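Single chain ahead, written as structure tokens, the form predicted alone.
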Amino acid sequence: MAINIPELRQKFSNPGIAELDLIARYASLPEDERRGRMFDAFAETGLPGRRVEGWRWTDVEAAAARLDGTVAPVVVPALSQPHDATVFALSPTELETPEQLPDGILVHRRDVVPALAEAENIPMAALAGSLCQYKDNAASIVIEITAPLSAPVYVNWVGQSADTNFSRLAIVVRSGASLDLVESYCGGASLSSTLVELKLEDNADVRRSLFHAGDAHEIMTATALVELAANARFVQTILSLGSLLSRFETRIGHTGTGSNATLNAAYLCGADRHCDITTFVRHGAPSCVTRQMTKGAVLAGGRGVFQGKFLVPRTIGQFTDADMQHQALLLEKGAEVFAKPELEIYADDVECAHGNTSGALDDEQLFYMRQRGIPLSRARALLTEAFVSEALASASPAVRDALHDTAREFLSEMHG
């Protein structure tokens, strides 16, 4: 039975041009009950904007209305790839895989659309899930890691010179397995949304490092849903140079005793660039640990956003150990940084803390460096690099130097 477009439109409150295009795209896909539930969840808010609490500083609705139809160019990934790395390229229609996969990696293509829990709370992830459709009628792709891997795995998210791109990928790391995962977000669409679902079984170990660079014609949202079983260890590091509007949202669920998560990020936003780092961590098991450090630097005309929340339920969240820190530099007048760290704690035997600071570069340090012959622009770049470097220290050894080099080059250009 064909999907009724007028009925779909009625699910939205005054849909804009971008939402009408999304409705038409959804109607062109095979009808599926789970796909329909995800699209309905997206329709409850439509493209989220300032009327939605978690999106009031990252207004996708308003940004989409400003798009002029120019397709964002693909940005060549700045991260070098070791010769022994396993490299995947994920487009909106296919996952390109190496001719021969190493032992410990399996790829599954399935014709079933996976359900998405709490889709109503993650509208852009629900959109990605409802509009993702791979070739040969594959509705989902799963990468399974069955053993410790000695070499890193690279996933390059690439566009197809289309106005909109949507991708979804699930990664399952089996008990005792390990994965060094590197992701590059390369642009290629005016509006893109990606969804990564990571499941770590008991004693699994994952280090995830992400790089993003967009331009003034790109809206990009990337959502990661991470489930940590007993004694699983997850380390995530993000470096984003922003775009017209970008958001990295990570939602962690500690579901097994003793799991450990580290969430680090650095955002560097020049003029007309926006980056949002949003996290939600649920400590749903005893004796779990979370450490979070986010640092940002913003020039005039740029905007940085940080939103972090730790939820510690009663009883099952006992003995939680969690710390959240956000620090930002406003490098010029006209720079904007918005931050909202939150702790919601119901258990009574926990150690939880958060901190948030923003300010300018230290004038005394600048004076000290200039007294030693360092030009002002160079001194500002060096101090900013030193400031954000702490957040990049947790990145994969395979790309840590590349991330630092990229940040250094970008900061030199930012400071002219």
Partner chain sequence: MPVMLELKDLIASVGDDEPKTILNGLSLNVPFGEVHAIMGPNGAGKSTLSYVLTGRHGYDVLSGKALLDGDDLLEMDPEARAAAGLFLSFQYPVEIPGVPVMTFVRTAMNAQRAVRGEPEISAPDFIKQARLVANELKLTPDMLMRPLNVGFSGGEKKRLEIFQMRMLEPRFAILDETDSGLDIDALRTVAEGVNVLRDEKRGMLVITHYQRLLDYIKPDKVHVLSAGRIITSGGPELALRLEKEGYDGIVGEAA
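As the structure is a prediction and not an experimental result, all values here were calculated from the model. Numbering follows the first chain given and starts at 1.
Only in words, not in the display: the form predicted together with the partner chain, which the text now covers.
J.: Ok, 29, 52, 67, 382: which has a heavy atom sitting within 4.5 Å of the partner chain in the predicted complex?
T.: Exactly one residue meets the criterion: 382.
J.: Sort through 29-37, 364-372, 42-50, 58-66 and report the only stretch with a non-hydrogen atom within 4.5 Å of the partner chain in the predicted complex.
T.: Going by heavy atoms within 4.5 Å, the stretch is 364-372.
J.: Heavy atom within 4.5 Å of the partner chain in the predicted complex: which residues of 376-398 meet that condition, in order?
T.: Heavy-atom contacts to the partner chain in the predicted complex: 376, 378, 382, 383, 386.
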